[in-house]
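A single chain comes next, written as structure tokens; it is the form predicted on its own.
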């Protein structure tokens, strides 16, 4: 017997390739999603007993395609196809069907679909939201969190994007070289957000969604092959590699979050770090700086520090200042505050983030950083309030547990301080 939780992970990992092939085959986003969902339901019915197939994506494409064709045939009162049990026993038929389907001009079907979703007929925010929903299968809640908007607003945005694609008859063929260049920034943003969702999120078992991170890195590398002389794509790929290099050190054996300064740096992947450092060095030589290159340079400073105390926080502060000018954002300023706290102290950092409260009122990390700064300033009661707000906005158990640990530390220190005052 195969556990349902394991099957769900397999389905999630196979989704991008399966959806991309089904979209190309049917040229309809809703039809592709419906076919994939039906194939997943059949997988959940048969795989726990028979076990997952060798190539899960191929099975899902094959079954999803036949489900959609079966629906069309029923509407035409034609003969239906065999049951999914019969289909799943057809040996390598799934693989042969996928090979027949996979005749796209791109070497990678998923990357091709990303460019299709980023058609300029859609506003940029709709392009990215649609790609995250269709290609990566992120939930509306996850996408809304990435954009710092409500779920209802994001649901409407995605619905409008789908409707626009249908009404405008957006072509599902591979765009040409000029169109690819025009859509490059949007595609890069999608890849960046796919990685961020995997990097920031935890599943029910409190493990990092490494599959999403690895998929984003694979897509970034493919994008770099299409644009080998583009320094921002070098910077993007370097950034993802350097961040992902720390994956094994970010959670402890119990699934609890380990902050950067406490991570076992011997667990960092030196091969990924070396590749990322080489790419950022190559990008810098082009003398065309951009936001991804700056972020990669910050990640490189962390990666090169053998100990936390060796980190060049002054340079990181300067780089975040550059990023703020290039790409003003409350998130960038929030991240910069961590470096400011190291260089100028927690009071200076707190002064930087206080004005961000209206924009980041629903953001877990804002209250986590604020609580940590207040704790350093010994403003215990205020820190506890901030941490309570953080727990209320935590999206995973690991995030909530991390904040509870900080609260426990506050209580313990308060008791010690009280006992000392009485002696």
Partner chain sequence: MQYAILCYHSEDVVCSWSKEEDDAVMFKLMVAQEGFAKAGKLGPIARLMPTTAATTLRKDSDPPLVIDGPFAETKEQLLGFYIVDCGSLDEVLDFARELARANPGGAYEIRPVTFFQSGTASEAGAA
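Because the structure is predicted, anything quoted here is derived from the model rather than measured. Only the largest set of C-alpha atoms that superpose within 1.5 Å between the two forms is called the rigid core. Numbering follows the first chain given and starts at 1.
Separately, the form predicted together with its partner chain exists; it is not shown, and the next lines address it.
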is_contact(residue 296, its partner chain) in the predicted bound form, heavy atom dist at most 4.5 Å: no
In the predicted bound form, residue 163 touching its partner chain (heavy atom, 4.5 Å): no
Any non-hydrogen atom of residue 229 within 4.5 angstroms of its partner chain in the predicted bound form: yes
Contact flag, residue 129 vs its partner chain in the predicted bound form, heavy atom cut 4.5 Å: no
In the predicted bound form, segment of 319 to 327, 250 to 258, 281 to 289, 134 to 142 with a heavy atom within 4.5 Å of its partner chain: 281 to 289
Answer option from 269, 302, 180, 342, heavy atom within 4.5 Å of its partner chain in the predicted bound form: 269
Interface residue in the predicted bound form among 332, 350, 338, 224, criterion: non-hydrogen atom within 4.5 angstroms of its partner chain: 224
Partner contacts for 23 to 59, taking its partner chain in the predicted bound form and a 4.5 Å heavy atom cut-off: 54, 55
Rigid core fit then residue 402 CA moved by 2 Å or more between this form and the one not shown: no
Residue 51 C-alpha shift between this form and the one not shown of 2 Å or more, rigid core reference: yes
Cα-Cα trend for residue 9 and residue 248, given that in the predicted bound form the distance shifts by 3 Å or more: farther
Distance direction in the predicted bound form for the C-alpha atoms of residue 15 and residue 248, relative to the displayed form (3 angstroms or more): farther
